[in-house]
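Encoded as structure tokens, the following chain is the form predicted alone, with no partner shown.
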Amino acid sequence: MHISPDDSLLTRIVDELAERGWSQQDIFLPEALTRELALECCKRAAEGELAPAAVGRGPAQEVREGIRGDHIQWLEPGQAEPCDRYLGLMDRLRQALNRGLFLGLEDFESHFALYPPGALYRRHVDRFRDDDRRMVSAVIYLNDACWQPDDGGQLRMFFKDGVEHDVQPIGGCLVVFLSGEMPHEVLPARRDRLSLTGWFRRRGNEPFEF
């Protein structure tokens, strides 16, 4: 089944990523799918399926809420119909990125992220020092349209020229950026903040030029 966005929107994302290393689309997901994904996230949280996220990698992983306070659950195909529709849509974006930028992206990993009031994620980049597979980060927000700036929870992006840009986490908005080149943080929110965070990945340890 065809679902939006259309090819022109995917092309715009690819062009902006090539030109400046990031893209923000305030209306990306269909409203109905955004609502269904938000309900799925809340359902899993209520059933205790979301766990505190850790920082670090491998044996060094640990939960440090002063650095990162979200609760997550990874998506797997076949878990829920709305999630499968979302994964299908992101695969279309993966194909568009490969056609336009020749990134060699092979897969996409994603998890629900729920930030309870006061939770944050301090400044970081998304690529691990010992694992170069994550190439492009993608964040979809699932909060309702009533979200206000005073509710907090903005994604703050730090550009190389010293400029900062805040993204309001309003449902349906997509932010895409180069995983290893865009420092960012999540500011504390005053109410539950919902999103799907994911990464388009290539095969590791290969020469790459952008």
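Keep in mind the model is a prediction, meaning the values are calculated, not measured. One-based numbering along the sequence shown.
The same protein has a further form, the form predicted in complex with N-oxalylglycine, not shown here; the description that follows concerns it.
Looking at 143-151, 22-30, 37-45, 178-186, the stretch with residues near N-oxalylglycine in the predicted complex, meaning non-hydrogen atoms within 4.5 angstroms, turns out to be 178-186. When contacts are judged by a 4.5 Å heavy atom cut-off, residue 155 counts as touching N-oxalylglycine in the predicted complex. Shown alone here, residue 99 lies farther than 4.5 Å from N-oxalylglycine in the predicted complex, counting heavy atoms only.
At least one heavy atom of residue 121 is located within 4.5 Å of N-oxalylglycine in the predicted complex. Residue contact check for residue 132: none of its heavy atoms lie within 4.5 Å of N-oxalylglycine in the predicted complex. Contacts between stretch 126-143 and N-oxalylglycine, counted in the predicted complex as any heavy atom lying within 4.5 Å, involve 126, 139, 141, listed in sequence order.
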